[in-house]
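As a starting point, one isolated chain is supplied in structure tokens, in the form predicted on its own.
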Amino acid sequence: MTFREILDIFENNDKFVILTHKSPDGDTLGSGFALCAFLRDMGKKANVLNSDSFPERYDFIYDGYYPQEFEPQYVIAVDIADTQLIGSNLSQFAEEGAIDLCIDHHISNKYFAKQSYVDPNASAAALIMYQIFKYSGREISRQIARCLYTGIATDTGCFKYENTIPEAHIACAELMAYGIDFAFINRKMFDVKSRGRMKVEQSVIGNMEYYFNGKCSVIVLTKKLMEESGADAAEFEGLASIPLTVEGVKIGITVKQRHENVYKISVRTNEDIDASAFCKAFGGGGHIRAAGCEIHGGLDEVKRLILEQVERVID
């Protein structure tokens, strides 16, 4: 698809539902709410949906947002590579043909929508959104700029991840010119942590496991640990980067318990290992250096399966 074709869709429809992925992060929320505001500024009706509740951590993204009442006419998924990421509370949208358009940047995108715009080279879905908005020639609001900056900044790890491309820096420089509170956003996203989050970090770092002569590190987040911390679910975002910070580690794995015998696996790698290919073996995917999947089974069984896959790729 072209940007012109996407803008034609915006212009030729009036009532939009925007889907964001479960366990939402800054990119899916920033992209979703920026698109919602953009469409409303065009005089359209639009709502953002998420299978989980919108995390308090991102409350500044929702500033001024309110749900509108209407019968959906067109469904857009943002930053969603697979219908499995939509979540159980929005399972009706996972059915074939339920989603009209997907805008995404994951190389593992399954092309489940009727139409798709996927750019695996883009640092974030929010970067694609900004490029579409800029191409339109329409003025964007400060709130839209704030949402887009958050999406790009969070998905690039404040511009330190390997997926950071020159266009990401250029886009954020241009978004800063709208007078957004970028210092507040970066501090809130990357520096400030609750006591509960600190408690969890202390536990997982203290109990980090090492395998294959220190080339692989694993941390485990159980439901009990997370519940006892008292931290909001969104605060556990970013923990997946901890295992790879250890010197000599080539692949860092975070095993996060979602339900009994259901674990979310987050994989971070250095230049030697393709994280997306690693997770594809378990039905997941993502980016070359950051990817995820879900594995069912007891904790010992899940770790065994993961380490068997690590052994296949570590060298």
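This one's a predicted model, so the numbers in the text were calculated from it and none came from an experiment. When you see a residue number, it is the position in the sequence shown, counting from 1.
The same protein has a further form, the form predicted in complex with another copy of the chain, not shown here; the description that follows concerns it.
Note on contacts: among 139, 96, 227, 191, the single residue with a heavy atom within 4.5 Å of another copy of the chain in the predicted bound form is 191.
Listed residues 234, 172, 132, 220 were compared with another copy of the chain in the predicted bound form; 172 is the one with a heavy atom within 4.5 Å. Exactly one of the stretches 105-113, 202-210, 69-77, 84-92 approaches another copy of the chain in the predicted bound form with heavy atoms within 4.5 Å, and it is 202-210.
Among residues of the shown chain, residue 119 is not one whose heavy atoms approach another copy of the chain to within 4.5 Å in the predicted bound form. In the predicted bound form, another copy of the chain sits within 4.5 Å of a heavy atom belonging to residue 244. Among residues of the shown chain, residue 166 is one whose heavy atoms approach another copy of the chain to within 4.5 Å in the predicted bound form.
Among residues of the shown chain, residue 270 is one whose heavy atoms approach another copy of the chain to within 4.5 Å in the predicted bound form.
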